[in-house]
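First, one chain by itself: the form predicted on its own, in structure tokens.
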Amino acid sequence: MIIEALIAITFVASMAVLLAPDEWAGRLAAALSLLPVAGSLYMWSRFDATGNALTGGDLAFETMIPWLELGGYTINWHVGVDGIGLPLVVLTTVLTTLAIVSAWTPIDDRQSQFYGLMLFMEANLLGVFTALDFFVWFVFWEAVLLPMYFLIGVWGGPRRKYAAIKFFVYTNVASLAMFIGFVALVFGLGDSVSSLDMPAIAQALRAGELGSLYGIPAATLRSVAFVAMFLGFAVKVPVVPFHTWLPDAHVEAPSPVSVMLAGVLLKMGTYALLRFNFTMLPETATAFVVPIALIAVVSVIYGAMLALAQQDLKRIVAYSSVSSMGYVILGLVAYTTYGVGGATFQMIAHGLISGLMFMSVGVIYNATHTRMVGDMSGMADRMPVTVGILVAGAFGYMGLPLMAGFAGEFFIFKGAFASTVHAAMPLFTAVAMFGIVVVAGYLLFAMQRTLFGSFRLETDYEVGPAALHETAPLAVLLATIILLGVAPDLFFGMIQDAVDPLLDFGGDLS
């Protein structure tokens, strides 16, 4: 019952912080957020499972209790983790604590509501990465949108209401498309399933029990449902051309919220793509391999080119996320152990690195009140520790060896080049690798202009080193990025154990 305890503790903590006085809220939220961190690390230390959550096998910390009847289907409280979900649970708890601490300086209004919503969002994220019943999963999935909407709309920049509404509309419409696609599959299965239990539905689909629905043949229904679910999750990732909500959300959101948005929320899309599209409908996924790989490559190159043209540091990091998530899609569609495993590992690596980058930009903004590349110069002289960590994070984004980003991209490229799902996969992979050059170009260009040279920002206040509570989260993130780069097996071993049954379950897809 540790998963239930983890979610419940986080919910109770969010309520406690919400009722606390503003002057205590930040410290109280940070202290209470350490409980989920301890719980997730305990799960990691005791983790012993080899099954994929949707294809059978031994799941860790699994609970399944009948809950209610809905439209003739049984709804179960069904939670558990495998080697794909557990790393994301650990990422969520650690990143939430660091984001809360980093918010102590910039958030000076309605702190109890802000930190309460951060913890409320964390509780729902834990539900998304552990729920195995579609109804339960969908409740958590939708509940994540509400705190993010208010965190952007209340504590954001001048155009916060526009950005919050755009975020909500995009993701809500996407959820509707995904919901229609999934429900069509459930109805098409008819009497083959009696519950909304995701493992049962996945196994029925992969066993070929999908029938026609309202005269629509099973093959057509399978393709239509796949496309609907893919569109729904692709908006959340996001991939080109569904990415336009992301830069606005990041630019207007406070930096700690951007940390959670890029570090964890985007992973909901790729996690769901893996759980639903690529696990439940593997044959359809391989049939769509060319358009999906093309979307991945366009996201990598176009996202990087857009980042190259930006002047706002936050917007640069935001567009670079579009590019990085393209690599994750490429790994998933490769359908090899290294491809899918590398994509999962890259979710963790990108969560840590993008969190570090957004947090660093936030610290610089707190000191200078600007994020514009053209306004800054010589920040290395005034904030040497922060700048040093930012430079290290940027090299991680570029894929420097012995950092987590290098390991993730290496696994993906290895898996994608070895993929035989389509003859063009090596070509798609080679083109996508060009994105690394563009990433290095815009990051080096931005760093050279803002960090080095003589200090020229004219202010009526002193720009100096960041406070300890601003630097400490950056140091923890950088240490974790290096640790996973030096020892990727800390996570990649358990990821492989979960991915192999998934690939075996589908037979020889290539």
Partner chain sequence: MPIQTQLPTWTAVAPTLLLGLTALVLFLADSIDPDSTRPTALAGISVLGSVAALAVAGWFLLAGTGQEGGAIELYGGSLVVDGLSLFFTVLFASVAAMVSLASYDYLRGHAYQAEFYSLVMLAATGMSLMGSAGSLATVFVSLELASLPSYALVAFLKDNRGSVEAGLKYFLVGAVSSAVFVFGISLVYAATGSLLLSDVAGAIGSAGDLVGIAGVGVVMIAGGFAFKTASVPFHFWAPEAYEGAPAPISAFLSSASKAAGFAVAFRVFAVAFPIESVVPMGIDWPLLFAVLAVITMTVGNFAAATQENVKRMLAYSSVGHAGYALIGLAALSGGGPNGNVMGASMAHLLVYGFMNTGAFLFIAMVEHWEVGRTFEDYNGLATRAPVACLAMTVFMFSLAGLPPFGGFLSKYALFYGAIQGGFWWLAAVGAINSALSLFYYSRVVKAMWIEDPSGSFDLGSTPLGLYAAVMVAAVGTLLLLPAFGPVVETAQSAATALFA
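Residue numbers count along the first chain shown, from 1. Keep in mind that this is a model prediction, so the values were computed, not measured.
One more form of this protein, predicted in complex with the partner chain, exists but is not displayed; see below.
S.K.: Among 153 to 161, 89 to 97, 276 to 284, 255 to 263, which stretch sits within 4.5 Å of the partner chain in the predicted bound form, heavy atoms only?
M.R.: Comparing against the partner chain in the predicted bound form, the contact stretch is 153 to 161.
S.K.: Please tell me whether any heavy atom belonging to Tyr42 falls inside 4.5 Å of a heavy atom of the partner chain, as the geometry stands in the predicted bound form.
M.R.: Because no heavy atom of Tyr42 falls inside 4.5 Å of the partner chain in the predicted bound form, the answer is no.
S.K.: Considering non-hydrogen atoms and a 4.5 Å limit, does the partner chain approach His369 in the predicted bound form?
M.R.: Judged by the heavy-atom cut-off of 4.5 Å, His369 is well away from the partner chain in the predicted bound form.
S.K.: Hey, in the predicted bound form, is Asn172 touching the partner chain, heavy atoms inside 4.5 Å?
M.R.: Yes, Asn172 is a contact residue.
S.K.: Are any of the heavy atoms in Ala143 no more than 4.5 Å from a heavy atom of the partner chain in the predicted bound form?
M.R.: Contact check for Ala143: yes, within 4.5 Å of the partner chain in the predicted bound form.
S.K.: Which of these residues, Tyr365, Trp245, Phe395, Tyr149, gets a heavy atom within 4.5 Å of the partner chain in the predicted bound form?
M.R.: None of the others qualify; the residue that does is Tyr149.
S.K.: Name the residue from Phe288, Phe138, Trp104, Phe406 that puts a heavy atom within 4.5 Å of the partner chain in the predicted bound form.
M.R.: Here the answer is residue option Phe138.
S.K.: Would you check whether the partner chain, in the predicted bound form, lies within 4.5 angstroms of a non-hydrogen atom from each of Tyr302, Ala446 and Leu502?
M.R.: None of them does, since no heavy atom lies within 4.5 Å of the partner.
S.K.: Do any residues of 3 to 21 have a non-hydrogen atom within 4.5 angstroms of the partner chain in the predicted bound form? If so, which ones, in sequence order?
M.R.: Stretch hits, in order: Leu18, Leu19.
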